[in-house]
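To begin, one chain is listed below as structure tokens, in the form predicted alone.
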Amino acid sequence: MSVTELQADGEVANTHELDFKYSMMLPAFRGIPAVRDIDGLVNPRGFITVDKHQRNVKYPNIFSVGVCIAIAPLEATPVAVGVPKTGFMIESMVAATSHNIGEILRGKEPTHEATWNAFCLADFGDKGVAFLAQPQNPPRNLNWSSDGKWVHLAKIAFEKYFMRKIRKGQSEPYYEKAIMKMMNVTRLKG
């Protein structure tokens, strides 16, 4: 593998070859071609820009949620990086968007904002890492992580639970809402 190391200012510091047996290189993510070049809708990488109510400023009738939105990184880096988005974070975007569309349909201005709280169970085979960040981007009110075999088991249990609640048509059962409230993990600000 050919590797180029960059300095903080983006200048090349070193280049070298790296031996490997197994590797995975991910290209930089980009927005989808259907919207990538629409002026005022997307950032230079093609991700949809949104305001605090999940809607685009130039096209206020367009709302966007999930991995397709542009979230600015906290600081400039020599190699452009994106901001990760977790499932719970996306659920908070969806909750804010649905409430805001409802307000618009009732002739009101949108008022709901997603918390963008990040909760994740990352499974690495027989182990994993769990983290909770409120909100995802600093300054944070809460920053917790743990690792081990329990995360792998928790991920399996969560996947079974998630599929069951979706099959039953329950996006947020009362007991889930109660547990999340007890942990002070919310989807909407305020």
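The numbering used is simple: start at 1 and walk along the sequence shown. Since the model is a prediction, treat every value here as computed from it, not as a measurement.
Another form, the form predicted in complex with a small molecule, is not on view; read the next lines as being about it.
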| property | result |
| --- | --- |
| Partner contact for R36 in the predicted bound form: the small molecule, 4.5 angstroms, heavy atom | no |
| A133: touches the small molecule in the predicted bound form, heavy atom cutoff 4.5 angstroms | no |
| Distance check, T97 to the small molecule in the predicted bound form, heavy atom within 4.5 Å | no |
| Contact of K155 with the small molecule in the predicted bound form (heavy atom, 4.5 Å) | yes |
| Selected contact from L142, M163, V57, V67, since only one has a non-hydrogen atom within 4.5 angstroms of the small molecule in the predicted bound form | V67 |
| Segment that reaches the small molecule in the predicted bound form - one of 36-44, 117-125, 49-57, 142-150, heavy atoms within 4.5 Å | 117-125 |
